[in-house]
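Read the single chain below, which is given as structure tokens and is the form predicted alone.
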Amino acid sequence: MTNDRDTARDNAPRDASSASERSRSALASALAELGLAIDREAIQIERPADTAHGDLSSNVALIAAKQLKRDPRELAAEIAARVKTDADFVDRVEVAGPGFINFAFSRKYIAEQVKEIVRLGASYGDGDLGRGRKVQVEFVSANPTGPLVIVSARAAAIGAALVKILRKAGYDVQAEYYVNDAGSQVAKLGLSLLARFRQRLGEDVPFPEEGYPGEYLVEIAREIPEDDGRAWLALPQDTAVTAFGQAALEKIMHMIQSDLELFGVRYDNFFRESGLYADNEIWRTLDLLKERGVVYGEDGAQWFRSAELGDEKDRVLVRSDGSPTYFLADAAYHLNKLRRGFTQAIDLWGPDHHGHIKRMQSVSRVLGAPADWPEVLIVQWVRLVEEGKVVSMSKRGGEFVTLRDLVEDVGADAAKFFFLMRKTSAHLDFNLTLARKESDENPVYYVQYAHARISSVVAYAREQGVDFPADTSCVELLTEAEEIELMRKLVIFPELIRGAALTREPHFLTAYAQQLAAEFHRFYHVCRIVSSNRRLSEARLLLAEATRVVLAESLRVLGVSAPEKM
């Protein structure tokens, strides 16, 4: 199911003249003037570590100096001296540190951007980085053998945010969940539910040693109509196990989809592994690998020559009993993705799958994918911490903590924001005590409160007869330090979207949202928005509204609500 807001913005205007693009063009011209042949698209533009040095920065001199064996700071000075920019865009271009070239926006530029933000609304920051390229983000994809747990919840938050960020950056993105509904885990699931159903009937039967012991299967066993269950028990053992396995699978997938809906995470497609078997894609993929000379037989099994392609050892494709491995199924699934026309397949995997990356990249290349076509992001572990201690808060028998447990405890907004506050590859300690607080100490509450406060200010201003003016030239009246800093923080939003899309890191936006909220609160406490000076009141109201727009859009791409009242 596609988010209507995301679909609607497909026709929104893309800003091809963003600050980073203007800076990149100026640097490219300066480099050309010096006779340096550097691909324009390879020129990196980012936020400087110390914003006192400027608003945007480039390391192009550092990279070029290494190739030319030049002193990077001297080369940076030569490039900076030749940078030609509109005085209405930047005040100064300076060299900092070992050779960074920094751009400082002019006050006129940031004032004009305030008008643009109010004019464009939610489409401010939409970019053309993706140029409509078709990208798939596959995330969560937890085995349908139980409810979603905390690591899956973090993957859901990251994947959903990444989909929205990439769409805003101009990519054509599909969100997909891969349902592992084939293989040995479904048989184990069937055996487990069969045992629970027999126990429900009062039979004294042992539970399978390799079964799934969660309380959720006891609940599912209770929901099976007794006549249906007894009919399945009368079938031959293998058929009975399959029947119970399918019943459990459908119930658990319904549970997973329901929990994801509760979390506010939606997918465009649920792709079932069983479809690869039904359409014979598993064996056609094996045949294709054989044609390309990367399969050999040994000890009755069939192996992929992955060691020759960078993996630590060769991998089994088909076991000696003739059954395909998960690796072959994954290869067939990625070939299916490739044939669906995705120019990039981004997979979010758990930390226990790190060793699968090289083999999947190798087999994808053999199947015809470009280098690094399957891009794998590892979502690291999560610990729940309360009052400084690692805790469990399970309501399902004490064996694990579920996504639903967490949402019911702290709410979907807090859960998502907290999951997104650190790099995807970093371990996360989730502070339950802080996430439950409804105060400025809670970062998501702090950001949402800034949005609600602005909504309240706009309503109050209208009651006092002050509204957004038709003549927006009044923004030139914004000269206080707090006004300038707030404007500077607003206009880097498009660069943050671009950076988050390039690095696949939503955590940049949680940090930005908190910083923007802090700048607004400072502005609010120092600069009275509605005063006896009507034109100044209108200017400050425009600035407040621009802040609201950017806060709302920052929260939207993070999957967090932007309340008008709190």
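Rigid core (definition): largest C-alpha set, two forms, superposition within 1.5 Å. Just so it is clear, the structure is predicted and the values come from calculations on it, not from any experiment. A residue's number is simply how far along the shown sequence it sits, counting from 1.
Heads up, the form predicted together with the RNA isn't pictured, but that's what we're talking about next.
*Asks:* Sort through 298, 238, 226, 116 and report the residue having a heavy atom within 4.5 Å of the RNA in the predicted bound form.
*Replies:* By the 4.5 Å criterion, the partner-contacting residue is 298.
*Asks:* Among the candidate residues 408, 476, 352, 74, which is the single one with a non-hydrogen atom no more than 4.5 Å from the RNA in the predicted bound form?
*Replies:* For this set of options, the contacting one is 352.
*Asks:* Would you check, heavy atoms only and a 4.5 Å threshold, whether residue 428 touches the RNA in the predicted bound form?
*Replies:* Yes, residue 428 is a contact residue.
*Asks:* Contact with the RNA in the predicted bound form for residue 313, defined as at least one heavy atom pair within 4.5 Å: yes or no?
*Replies:* Contact check for residue 313: yes, within 4.5 Å of the RNA in the predicted bound form.
*Asks:* Check residue 441 for me: does it contact the RNA in the predicted bound form (non-hydrogen atoms, 4.5 angstroms)?
*Replies:* Yes, residue 441 sits close enough to the RNA in the predicted bound form that at least one of its heavy atoms falls within 4.5 Å.
*Asks:* Could you tell me if residue 29 has a non-hydrogen atom within 4.5 Å of the RNA in the predicted bound form?
*Replies:* Residue 29 lies outside the contact set for the RNA.
*Asks:* Thinking of the RNA in the predicted bound form, which stretch from 313-321, 218-226, 483-491, 337-345 has heavy atoms inside 4.5 Å of it?
*Replies:* Single hit among the candidates: 313-321.
*Asks:* Looking at the RNA in the predicted bound form, is some heavy atom of each of 292, 305 and 373 within 4.5 Å of it?
*Replies:* Spot residues vs the RNA: no contact at all.
*Asks:* Given a 4.5 Å distance limit between heavy atoms, list every residue of 449-470 close to the RNA in the predicted bound form, or none if there are none.
*Replies:* In sequence order, 449, 452, 453, 456, 457, 460 come within 4.5 Å of the partner.
*Asks:* Superposing on the rigid core, I want to see if residue 71 changes position between this form and the one not shown - specifically a Cα shift of 2 Å or more.
*Replies:* Where the cores coincide, residue 71 still shows a C-alpha shift between this form and the one not shown that is 2 Å or more.
*Asks:* On a core-based superposition, does residue 97 travel 2 Å or more at its Cα between this form and the one not shown?
*Replies:* The answer is yes; the displacement is at least 2 Å.
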